[in-house]
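The chain below stands alone and is given as C-alpha cells, in the form predicted on its own.
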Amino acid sequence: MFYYICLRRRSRSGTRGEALTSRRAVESGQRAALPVSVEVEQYAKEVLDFSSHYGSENSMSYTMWNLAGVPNVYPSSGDFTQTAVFRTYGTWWKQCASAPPPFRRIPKGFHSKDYIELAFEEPVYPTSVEVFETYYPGAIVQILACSHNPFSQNQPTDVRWEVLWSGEPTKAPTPQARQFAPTIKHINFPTNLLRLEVNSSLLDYYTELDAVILRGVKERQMLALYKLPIIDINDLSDGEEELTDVGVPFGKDTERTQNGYFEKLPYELIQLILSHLSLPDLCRLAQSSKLLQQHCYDPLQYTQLSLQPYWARLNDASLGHLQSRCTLLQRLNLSWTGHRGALTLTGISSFLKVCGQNLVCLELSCCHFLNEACLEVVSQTCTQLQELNLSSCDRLSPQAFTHICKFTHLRRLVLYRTKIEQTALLSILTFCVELRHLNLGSCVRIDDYDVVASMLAARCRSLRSLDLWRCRNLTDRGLAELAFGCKMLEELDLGWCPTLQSSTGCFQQLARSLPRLSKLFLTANRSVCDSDIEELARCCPSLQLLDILGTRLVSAAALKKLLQACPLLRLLDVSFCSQIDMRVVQELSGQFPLVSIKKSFTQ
C-alpha cells in the first residue's frame, strides 16, 4: 500500500501511462526503467535583487553584481574586490544605539538577515546548488527556488517559493575558500530563479561570495522505485503548506473542542502563555476552541507584528485576515514582502486604514510593491509614525519621498540605497526636527552633502547617529558644520567618503566637537594619520567601534595610545593599513584582549 501512495503522490505531474507503467513494475517486482536526463550545469546569468552590499551603486567592487557569471577569485582565499559582500557582519551593528529593538514572535527557524536573488538561463529541476565562498564562509542559512521565470514576458501568477535547504548560522573553522554544496530537497517544478539568504552574525569578518552553480535536469523523472527508502515522508502529504494559517477566518462549521481547564485560568495568564507562540501557531490555536479563539484574536496579542519571516507566502488575503486583530498595532515589519504582485496598493491601503492609526514603527526594507501612491497612503494613515525604514527600496521614485516630511514625529529614518534627491531630503529635515537616527548610506542622487550637513546642524540638533556611507561630496566645511550643530552625535559613519582630507584638520576638529562618539567609521580614507588617532584618544573616551581600513599613515604607537585611552573599545579595523602588519595586530591583541582587532588578508 505504501508503494501505491508514493506512486499517487509522485505521478501528479506525469502522464497516466507513466504512472501505470511504474505501478505494474511494483506489482511484478521489477525496477522501473526511467529515461536518462542529462544534467545541466549553469552559473547565474543575472543578479535580480538583494538587500545590501558593501560596494557602491556606481562600481563593481564588493557589489552583489559580482555573483553573476563564472568565479572571479575561487580557488583563492581572502579579501578581493571582485566578490559579492554584504554590508555588515557580526553583532556590532545590532549593539549600537541606532539599531531598533527586535520584534517579538520571530520563529526559531528564521535566521535570515540579508538575501540575494539570482536568475539562470535555463529552468531545471534542481539536483544541486553550489556556492563558492572565498572569505569567512558559513553565512548562508537558506536556499530557495521560485516557480516564476524572471525572463518570461508574462505577468507572474501563483508564484511559489520552495526551500531547497535551510540551516542555522555557522562559523567555519578557517576563513579559507570553500565550495558549499548542501544536500537539497527535490521540488516538483522547474526553476531558474534562486534566492540565497544569509546571516553573518557569527562571523569574525565580512563573508565574500564569488559564484553560484545551479545543476539540474530539464525533464522531471518518474519515481525510481528501487530508491524508495530515501523518499521524504513529507512528500506523502496531500496538501501544500500555505500562509493561510496566518489569519485564517474561523468558519461556522469548524469543530471546536471543550475549553477544558483553560476556563479556570486567569485571562492575563492565558495571554502571557500565548505571547510566546509564533504567529502561525497562534492562528492554528484559534481553531481549537471558542475560549482560545477569543484569546488568540485579542488585539493586545498584536501590538507588534513581524511578517518578514513569511515574505514568501504573504499576500493581500493574509493581511485581510489579520486586519480585525491589529487595531492596537504599534510596530509592523513588512520587510522583504510583496514581491511580484503579492501585495497591492488596495491590500496595503485597506490594512493601514484600520491598523495604522497607532503605528509608531514601520519596517519596509526591500518592499518593491511600494510606489508613490502607497507611500502617500502611509503618510495619511500612520500619522503617529516615529520610525520608518525604507532600506533598499531602490525602485521607489524620487518624487515619492516628498511624503515623508508629513511624519513630523519621526525619530528614526533609514533611506539606505534609495533614490531620494536633495530637494526631498531638505524638506524632510525641515519638518522632521525630532530625528535621532538617520541613514543616508549609498544615496547617490544627493548633489551636495555639505548643504545636507548644514541643514542637519540647523534643524536636527538632537541627532544621535548619522550614516553617510559612500557619500561622494562631503567636504571639511560640511563636516565642521555638522559637528558644531549636532553635539549629541554618538555614531558617525564616514566610510568611503573620498572628499574628506585629514590635512584640513577636519578629523581632529570632529574629535574635539563630539566627545560622546562611540562609533566612528573612516573606512578607506587614505589620509587618516597619527594626529587624528591621538586626538580621538584624548577627546573620545567612550569610543567603542573604530574603522580606519586602508590608511597608510597610522602607526602602531598611535594605535596603542588609542587602546590605552579608550577602555570601552571593542572593534578596531586596521585592514590594509600598511604600517600595521600581523605581528603588530597579534601584539596589541595580546595586550588588549577585549578588543577585536581586524586585519583582513589577500592570498
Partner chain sequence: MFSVLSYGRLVARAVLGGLSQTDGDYRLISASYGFGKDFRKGILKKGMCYGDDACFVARHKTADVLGVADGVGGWRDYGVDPSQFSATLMKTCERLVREGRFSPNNPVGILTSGYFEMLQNKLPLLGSSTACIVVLDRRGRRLHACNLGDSGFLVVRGGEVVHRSDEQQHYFNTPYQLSIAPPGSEGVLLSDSPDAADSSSFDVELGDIILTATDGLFDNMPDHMILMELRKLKNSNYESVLQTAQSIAQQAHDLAYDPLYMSPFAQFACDNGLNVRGGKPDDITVLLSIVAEYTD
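This is a predicted model, so every value here is computed, not measured. Positions refer to the first chain, counted from 1.
If you look for the form predicted in complex with its partner chain, you will not find it shown, but the lines that follow are about it.
- In the predicted complex, residue 50 stays away from its partner chain, with no heavy atom inside 4.5 Å.
- Although the partner is absent here, residue 66 is a contact residue: one of its heavy atoms lies within 4.5 angstroms of its partner chain in the predicted complex.
- Contact annotation for residue 501: at least one heavy atom lies within 4.5 Å of its partner chain in the predicted complex.
- Looking at residue 79, you'd find a heavy atom of it within 4.5 angstroms of its partner chain in the predicted complex.
- The partner is absent here, but in the predicted complex a heavy atom of 549, alone among 565, 549, 571, 40, sits within 4.5 Å of its partner chain.
- Interface residue among 487, 94, 526, 284 relative to its partner chain in the predicted complex, by the heavy atom within 4.5 Å criterion: 526.
- Picking from 421-429, 205-213, 303-311, 370-378 the stretch near its partner chain in the predicted complex, with a 4.5 Å limit on heavy atoms, gives 205-213.
- Residues are counted as partner-facing when one of their heavy atoms sits within 4.5 Å of its partner chain in the predicted complex; in 56-80 these are 56, 58, 59, 60, 61, 62, 65, 66, 72, 79, in sequence order.
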